[in-house]
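One chain is shown next in structure tokens, namely the form predicted alone.
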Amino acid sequence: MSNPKAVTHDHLVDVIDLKKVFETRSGMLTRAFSRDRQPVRAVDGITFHIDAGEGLGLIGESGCGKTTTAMLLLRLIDPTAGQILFDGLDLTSMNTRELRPVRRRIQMVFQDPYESLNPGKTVSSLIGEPLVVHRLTSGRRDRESRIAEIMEQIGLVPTEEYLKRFPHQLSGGQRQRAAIARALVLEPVFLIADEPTSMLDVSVRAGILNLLQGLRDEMHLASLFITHDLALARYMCERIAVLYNGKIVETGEREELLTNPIHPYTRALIAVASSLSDFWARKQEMITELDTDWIQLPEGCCRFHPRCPHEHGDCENREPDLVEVGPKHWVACHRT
């Protein structure tokens, strides 16, 4: 009998019209202070794909829905609508028991390793725990061998110096290496990295990025790299998707998108990254001050139009579709 959750697919990961709406609570304080609050559309109909071994960068300002997207892909939170297809399986139709073997193949490196690692466990216990949960080793010696192997692979050497340490006894870079080891010890095929260097000193960021890039190539990992830093996305990813207020507004091959940005929001992000002084001199040409509560924006309009200096007549009345403007280059803007 065929697997009812198996689907036809062309990519390792296919996200189709994915949505997440957070309902506001109706408690006494909410009613007293926020009478007109509406549900928050954190992720509102995004579609993208990732091939085996490919890196996709998801960029955008804080609060745009990047981390919510990651949590949806892991099914740590349930989507309101849409599909998440992974290697031929529809994750959105699976229950917790069915998801367990799949989660071994999808892992995540969180932004803050100090919060993602249990402070009461040693490095050895933290890295070995996933092996115990998924029953992937035949005994203690086998598990210890695998722990030592992955620690050497991610640069926590000599391993005997770190095995019995607790997270607070590690530097920021060492903690993030331990978090990476914990994610990769299961040998996943898809890795989600949620701003993995933003909590680290500048002096150690390059080492962590080089480590992730090397492991990606070595293990042929597909990856979703979440960041607000265009330079990091350019270094780590083959393609980039720009997220604004729960919507993908532009996506394309790395060099094409960065050298030929079309959406006003993408152009503003690149201008800030290129030259802050030049951006401030030309700011009014790219982006205006937000004078509207974006959470309260009605459905069926362009999310960016309150901040767009080039507003088109359709912006308030019709939501733009992602349209192909060049080879593998898609933009959602009425001006295209």
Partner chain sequence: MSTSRLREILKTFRRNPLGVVGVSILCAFLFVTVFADVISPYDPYERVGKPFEKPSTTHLLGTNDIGQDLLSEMIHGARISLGLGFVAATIAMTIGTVVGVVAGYAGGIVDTILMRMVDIVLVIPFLPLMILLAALLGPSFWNLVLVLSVIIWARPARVIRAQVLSLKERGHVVAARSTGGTVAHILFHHVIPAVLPLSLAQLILATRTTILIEASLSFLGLGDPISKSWGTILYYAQARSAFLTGAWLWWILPPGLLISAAVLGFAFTGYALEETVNPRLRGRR
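Positions refer to the first chain, counted from 1. Just so we're clear, the structure is a prediction, and the values are computed from it rather than from any experiment.
Keep in mind the form predicted together with the partner chain is missing from the figure; the text below concerns it.
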| item | value |
| --- | --- |
| In the model of the complex, segment of 152-160, 82-90, 257-265, 97-105 with a heavy atom within 4.5 Å of the partner chain | 97-105 |
| Residue among L186, L215, L73, L200 with a heavy atom within 4.5 Å of the partner chain in the model of the complex | L186 |
| Partner proximity in the model of the complex: V133 to the partner chain, non-hydrogen atom cutoff 4.5 Å | yes |
| Close approach of S145 to the partner chain in the model of the complex, 4.5 Å, heavy atom | no |
| Contact flag, E253 vs the partner chain in the model of the complex, heavy atom cut 4.5 Å | no |
| Contact label in the model of the complex: E129 to the partner chain, heavy atom within 4.5 Å | yes |
| Three-residue site F110, G120 and R182 fully in contact with the partner chain in the model of the complex at 4.5 Å by heavy atom | yes |
